[in-house]
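Okay, so here's just one chain, in structure tokens, the form predicted on its own.
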């Protein structure tokens, strides 16, 4: 059985978290035991699972093994709650959220559901993560053109986007935050251009959702896809897709399954007592794109992680991470050895920075030897702290860099 002491760490005290978030998020550090073993600054690769998620997943596994509980009603209730919480993260409606297993799912969804034809054109920045490239390249065999837009030092330039648009441009797909240098794109400005030009606006949200404030309505995003295993700190195999109510009319259903159709029929709960029905219609909501059985274990962990993020407050998290990175940025700017590869423009700062210097591979290995976990990306060291990190850890990173 899960002990009372262990269950005490299942869910953060939401009132405590909300109050503390205005000043500090330090009390949440206790949910991340890896902080006792290392300095983990690699959330842009994979976030650590908090104890609150681990506990609810353990309970589910215990119940599955040792009890006769029927999990379906509770599991479907949690699925509904997770949709609502994902919507709150990005200021959307729960009816516009479909639960998925990764970012690639949503990108393939729009690739296959938009009805693109030979001669149509897709625009992408040249510095996109492969998940936002290969689904589009897969369309080239059908005569669809994929055009990469040049960047300036790895930073996306809106003027070059303007210049790249042609009458054949149908889709523009871009990351909320670029994986290699943390460049936060101006989604509002990009969304306005897409609306003016009638271009379907797709966003890979995985490096920004959970650490940056985002209003998908204000930005005019048609579809946003986001995996849960990085900044959302959730088990791999979790994620969501946002599809605006307006854009849903443009997107077909390229695949379907038994959970894509409306078993609720006006009721709050699905009715699975008569499964020999083949006349049910697809959901009117984004649920129509959820086509198979749910990973209920992972979704329970996802649910607990969303509780933690929402109670801490994304605005608080963004400010906290910015303060930590400012210490490192100031050191690098004053250093004769290192050079930033990230933009310092306020509106383009995120929770990721990248810097380089002589022997950067050796520096990266030295950091790991000292228990400081970062990533080596495109010839630089990428640092990506989250709300459980603190000033002491950044100062140790700086001390090691100085040696």
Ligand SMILES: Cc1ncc(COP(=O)(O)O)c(C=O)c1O
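Please read all numbers here as calculations on a predicted model, not as lab measurements. Residue numbers count along the first chain shown, from 1.
Only in words, not in the display: the form predicted in complex with this ligand, which the text now covers.
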I need the one stretch from 102 to 110, 77 to 85, 139 to 147, 303 to 311 whose residues put non-hydrogen atoms within 4.5 angstroms of this ligand in the model of the complex.
102 to 110
Exactly one of 234, 181, 175, 212 comes within 4.5 Å of this ligand in the model of the complex through a heavy atom, and that residue is 175
In the model of the complex, the one of 129, 272, 134, 258 near this ligand [non-hydrogen atom within 4.5 angstroms]:
129
If you check in the model of the complex, is residue 298 within 4.5 Å of this ligand, heavy atoms only?
no
Going by a heavy atom distance of 4.5 Å, is residue 320 a contact of this ligand in the model of the complex?
no
Hey, in the model of the complex, is residue 206 touching this ligand, heavy atoms inside 4.5 Å?
yes
Can any non-hydrogen atom of residue 230 be found within 4.5 angstroms of this ligand in the model of the complex?
yes
